[in-house]
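Here's a solo chain for you in structure tokens, the form predicted alone.
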């Protein structure tokens, strides 16, 4: 009995750092944010309890369009990253000369500090001295310099391209690892039976990669949905709010305008969306696990 009790105490001592981390770093800020979302907390006045007034303001102003824009931005960014990353993994997995070198060359966008990479893309998008505008003019595709970040439609896609450039290496390496985990015996048996390369890809490789694709898609979705650095450094949500996503609007409200209560309500809404994404991920992974056991 005494040995069992000491084992339990020792186990709790081992868990104590993780428990403290969750309570101090995760639970307390989350609870405090939820409480603030029901107040009119700001830098200029005494905090009062306002109930659901901050949440009502969210759906009464332009935040609805910000939500739609965030989902569109996330959808295109994640979709392009998954397509390019999966195709890149297939190419890196092929038996071609210099394969190791190509694998190394996929790393720079991920290794380079994010801020430096974003500033580099900002210079490339510049209409006066940017490389992209210069190349378009040299090849006769445009007649005058194009300031990609000065117009809503081009700025929106410019931020997506930058996010794709940063995120593709991680997707590529993850999908490459998933591809190499597929038993080679399955491909050899199919090849012996006369199956072609496309048939093996469609019937063996892709079906076995579906769980990894779902996992990578959800991780990329959560990261992209909550992305702040790319848009803030490139456009700060402009021009005219055309690249303002939920995280940018939350920052502007809470930090830029010192409306901590309204900003907290927006942050809680982001947390709810991310929680729904996580719930969907857990349900999908449990379904795949159940199917694998069968």
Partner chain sequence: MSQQMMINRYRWYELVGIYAGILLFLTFVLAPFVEGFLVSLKPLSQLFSSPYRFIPENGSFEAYRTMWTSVPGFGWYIFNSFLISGSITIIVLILAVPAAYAFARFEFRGAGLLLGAFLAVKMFSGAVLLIPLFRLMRSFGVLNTYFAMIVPGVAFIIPTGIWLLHTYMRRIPRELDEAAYVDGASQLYTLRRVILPIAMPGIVVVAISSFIEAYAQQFIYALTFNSKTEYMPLPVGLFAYFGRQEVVWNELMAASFVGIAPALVVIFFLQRYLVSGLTAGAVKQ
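We call the rigid core the largest set of C-alpha positions that still match within 1.5 Å between the two forms. Since this is a predicted model, take the numbers as computed values, not measurements. Numbering follows the first chain given and starts at 1.
If you look for the form predicted in complex with the partner chain, you will not find it shown, but the lines that follow are about it.
None of the heavy atoms of residue 69 is located within 4.5 Å of the partner chain in the predicted bound form. Although the partner is absent here, residue 284 is not a contact residue: none of its heavy atoms lies within 4.5 angstroms of the partner chain in the predicted bound form.
In the predicted bound form, at least one heavy atom of residue 96 sits within 4.5 Å of a heavy atom of the partner chain. Contact annotation for residue 156: none of its heavy atoms lies within 4.5 Å of the partner chain in the predicted bound form. Relative to the partner chain in the predicted bound form, residues 7, 21 and 226 are all within 4.5 Å by at least one heavy atom.
Interface residue among 147, 201, 213, 91 relative to the partner chain in the predicted bound form, by the heavy atom within 4.5 Å criterion: 91.
Taking a 4.5 Å heavy atom cutoff to the partner chain in the predicted bound form, the one contacting residue in 54-86 is 84.
Relative to the superposed core, residue 272 shifts its CA atom by less than 2 Å between the shown form and the other one. When the rigid core is held fixed, the Cα atom of residue 11 travels 2 angstroms or more between the shown form and the other one.
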